[in-house]
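As a starting point, one isolated chain is supplied in structure tokens, in the form predicted on its own.
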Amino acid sequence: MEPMDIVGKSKEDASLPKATMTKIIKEMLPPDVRVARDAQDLLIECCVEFINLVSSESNEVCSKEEKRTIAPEHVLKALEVLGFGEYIEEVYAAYEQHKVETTQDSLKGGKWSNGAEMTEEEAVAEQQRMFAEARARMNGGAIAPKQPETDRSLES
């Protein structure tokens, strides 16, 4: 019998994006170290299990306080209860940084807001530059040839 979570899906259905997790794993290791696909899958499973464990304990802490919404304080308390107290300061610092960044984003009008910071032409130019960089990375670092720009004054 499979363990079930609160929405009726088995725990095996819960996962994290493999590409993102692989990137995180690679960033944490020296460049000359390779990780077998089985080891990556195991690390991802461990992360999912850790999230389930912390979520469950956070819910317990929240319930004991007769609250219905898990707050950051409940997560920090759960980490302490589970024996991860040495990480609380670092987790709290990351949480504070996240709050600062999200506040700045909302003041700017959101992550994708164009606002008055950039004209449409500047945004298109920036997008083209980013596409060129991405193409260069995909081509193994080779710089993609520049495409000739069309003279918009001739169109009409």
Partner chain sequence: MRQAGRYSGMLCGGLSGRSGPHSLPLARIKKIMKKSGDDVKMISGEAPIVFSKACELFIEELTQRSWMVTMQGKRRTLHKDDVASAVIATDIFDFLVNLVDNNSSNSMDNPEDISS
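Positions refer to the first chain, counted from 1. Just so it is clear, the model here is predicted, and its values are computed rather than measured.
The form predicted together with its partner chain is left out here; the points below concern that form.
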**Study point:** Heavy atom of S106 within 4.5 Å of its partner chain in the model of the complex
**Key:** no
Check your understanding: Quick one: does T119 come within 4.5 Å of its partner chain in the model of the complex, counting heavy atoms only?
Key -> no
Exercise for review: Tell me, yes or no, whether E45 is in contact with its partner chain in the model of the complex, where a contact means a heavy atom of each within 4.5 Å.
Suggested key: yes
Review point. Are any of the heavy atoms in R34 no more than 4.5 Å from a heavy atom of its partner chain in the model of the complex?
Key: yes
Review point. Which residues, if any, of 34-66 lie within 4.5 Å of its partner chain in the model of the complex when only heavy atoms count?
Key: R34, V35, A36, D38, A39, L42, L43, E45, C46, C47, V48, E49, F50, I51, N52, L53, V54, S55, S56, S58, N59, C62, S63
